[in-house]
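Only one chain comes next, encoded as structure tokens, the form predicted alone.
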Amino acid sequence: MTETTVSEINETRASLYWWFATLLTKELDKEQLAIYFCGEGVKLLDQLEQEALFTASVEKIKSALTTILPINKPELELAADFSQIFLTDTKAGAPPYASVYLSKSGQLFEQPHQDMVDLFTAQGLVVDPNFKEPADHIAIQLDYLGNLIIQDGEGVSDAQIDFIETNILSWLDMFVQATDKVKNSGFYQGICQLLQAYIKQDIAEIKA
């Protein structure tokens, strides 16, 4: 069996999409949050901030971290933010499911969820049983995209481009806009805005 050679660019792309997926999967614990105060997370944000298109969103993330740093148990503050934005309905927050934004009903488990299930089934994949969420959760889509990028090795397949445009970009703007109406530290709003800027730049570059 021939081992797929993955380009450095694709490794970086996949890693970033997995990073976004991790942040949007669940609340950061104390140890995970610490890396954004004095660890690798600081270096990553500094690197991303150098890109003009990402500067504003990274500054928003850093401002939020500065705000919560002095708080006793800042991880609990961010957990509350996560819940306020993602674990609620569209009136109050921004549920991270494509079905909510793309279906007439605005409910969970609509066609976008089934499309992801069908895609996984066709490829012999399953959603992590420990992550009990519909298949059209943004984190699941981003995790799948990272895997797809690695599978493509040194190139970019039509399947990868189609997945980004059809399964993610079709609802990402509505999702990000919904996060912005929630007023809290702004950490997750900044993360979502950074994702939005990154994926739009990414698709433009790989299609160029």
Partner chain sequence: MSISRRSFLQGLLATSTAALVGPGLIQAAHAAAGDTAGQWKVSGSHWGAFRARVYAGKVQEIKAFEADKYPTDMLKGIKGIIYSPSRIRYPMVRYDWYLNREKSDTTQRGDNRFIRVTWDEAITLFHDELERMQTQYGPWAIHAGSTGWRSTGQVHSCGNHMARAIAMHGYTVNKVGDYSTGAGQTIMPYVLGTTEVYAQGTSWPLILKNSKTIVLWGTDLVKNLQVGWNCETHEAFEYLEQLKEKIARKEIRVISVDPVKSKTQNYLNSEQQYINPQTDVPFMLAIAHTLYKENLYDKKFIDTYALGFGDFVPYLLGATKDKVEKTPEWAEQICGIKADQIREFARMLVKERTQIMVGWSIQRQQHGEQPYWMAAVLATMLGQIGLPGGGISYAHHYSSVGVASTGAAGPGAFPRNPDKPDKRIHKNKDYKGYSSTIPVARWVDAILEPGKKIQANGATITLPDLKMMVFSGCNPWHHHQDRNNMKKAFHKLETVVTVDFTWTATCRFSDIVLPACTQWERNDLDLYGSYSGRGIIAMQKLVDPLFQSKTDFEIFTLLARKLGQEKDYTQGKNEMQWVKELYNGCVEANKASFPMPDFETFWKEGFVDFGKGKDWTRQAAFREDPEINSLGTPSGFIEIFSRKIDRYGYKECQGHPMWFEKAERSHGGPGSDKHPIWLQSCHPNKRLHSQMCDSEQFRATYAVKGREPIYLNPHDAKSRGIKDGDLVRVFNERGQLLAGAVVSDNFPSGVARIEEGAWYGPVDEKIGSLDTYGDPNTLTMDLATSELSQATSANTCQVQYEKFIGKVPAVTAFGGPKEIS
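Source: prediction; values computed, not measured. Positions refer to the first chain, counted from 1.
Although not depicted, the form predicted together with the partner chain is the subject of the following passage.
- Not one of Phe37, Thr55 and Gln160 comes within 4.5 Å of the partner chain in the predicted complex, counting any heavy atom.
- Taking non-hydrogen atoms only, Tyr144 approaches the partner chain to within 4.5 angstroms in the predicted complex.
- Within 4.5 Å of some heavy atom of the partner chain in the predicted complex lies at least one heavy atom of Glu8.
- Taking the partner from the other structure, the partner chain in the predicted complex has a heavy atom within 4.5 Å of a heavy atom of Pro134.
- Among heavy atoms of Glu27, some come within 4.5 Å of the partner chain in the predicted complex.
- Contact annotation for 119 to 136: residues with any non-hydrogen atom within 4.5 angstroms of the partner chain in the predicted complex are Phe120, Thr121, Gln123, Gly124, Leu125, Val126, Val127, Asp128, Pro129, Phe131, Lys132, Glu133, Pro134, listed in sequence order.
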